[in-house]
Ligand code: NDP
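Only one chain is shown below, in structure tokens, and it's the form predicted on its own.
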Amino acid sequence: MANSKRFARLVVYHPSSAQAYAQWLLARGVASVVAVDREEDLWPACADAEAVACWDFPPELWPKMPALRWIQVLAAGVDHLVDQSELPAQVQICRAVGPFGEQMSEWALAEMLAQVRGLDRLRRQQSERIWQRFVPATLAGSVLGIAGMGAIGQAVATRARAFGMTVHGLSRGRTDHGADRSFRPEQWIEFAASCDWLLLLLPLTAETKGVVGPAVLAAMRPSAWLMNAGRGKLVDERALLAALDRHQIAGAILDVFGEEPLAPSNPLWTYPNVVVTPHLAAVSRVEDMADILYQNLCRDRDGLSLMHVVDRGRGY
């Protein structure tokens, strides 16, 4: 931690919003900020940086930054940094926690409601001027399984209950997260079999990579939907395509993918029971991320522990 009452020398690296972050911080008295929006301009701007705020960062620069003490990730995921061997072990990585729950809840509920209320069918009927009534389904009484019951998962659970849903939660850590029924990672098959909707919000680690594979997909109900807004590589894509071909599950709603952007040739685009959204279930807004960054800058200035420091051994 910093010993003097000054803010850390900070580099904000962001391809589109670096200046906006710097202006937000400057308005709150943080003057020691260098804003960089192009990779080629990072060196030597970051040579004496004590803190870096970024999403992605050239790993070859980490060993050249002897004063660096901590990194604030301007997003929820940190797997891309945790795996970088070039990053010295003493440098702390801080996650962004807090602002994504509301957005993720709206995405999940919007997509589920679109399915049960038949919105695609209604839009097609309207475009063809067809008046044809039918009986929509409802979310009430169905089971939403949330894999990853951190702050975001708990926010989704709260809002899902307002629609009369029962929530099952799978978590590696604490079990007092408010789910109606709790499962541990060793209970994946039982967990998957219990859900009408299976929402993935897990971090990507060695243990979770490809966790939704043939066995989990086979355990799901034929009427169940898989939803992934965590990390793309949580799902074994080949196994998912095979499950869709065999009608093992009702469909998939996917916001994240192993390779992004999703290639035009990827067969997931072609399935009528697959919904593709372009990694926007929860986006990093400057005002939200800047506030988290500012809080950690103040804590660092005052000699306090930083918020939401990643356990690099666990991967999150």
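Numbers for residues come from their place in the sequence shown, where the first is 1. Predicted model only: the values in this text are computed from it and were never measured.
Keep in mind the form predicted together with the ligand is missing from the figure; the text below concerns it.
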Exercise. Just one of 235 to 243, 204 to 212, 156 to 164, 112 to 120 has heavy atoms within 4.5 Å of the ligand in the predicted complex; which?
Worked result: 204 to 212
For this session: Using a 4.5 Å heavy atom cut-off, state whether residue 171 contacts the ligand in the predicted complex.
Result: yes
For this session: State yes or no: in the predicted complex, is some non-hydrogen atom of residue 312 no more than 4.5 angstroms from a non-hydrogen atom of the ligand?
Result: no
Exercise. Might residue 100 be said to contact the ligand in the predicted complex, defining contact as any heavy atom within 4.5 Å?
Worked result: yes
Exercise. Would residue 76 sit within 4.5 Å of the ligand in the predicted complex, counting heavy atoms only?
Worked result: yes
For this session: Using heavy atoms only and a 4.5 Å cut-off, decide whether all three of 185, 231 and 255 touch the ligand in the predicted complex.
Result: yes
For this session: Would you mind picking the one in 28, 64, 285, 279 that has a heavy atom within 4.5 Å of the ligand in the predicted complex?
Result: 279
For this session: Tell me, out of 93, 143, 179, 104, which residue has a non-hydrogen atom within 4.5 angstroms of the ligand in the predicted complex.
Result: 104
Exercise. Quick one: which residues from 117 to 155 get a non-hydrogen atom within 4.5 Å of the ligand in the predicted complex?
Worked result: 148, 149, 150, 151, 152, 153
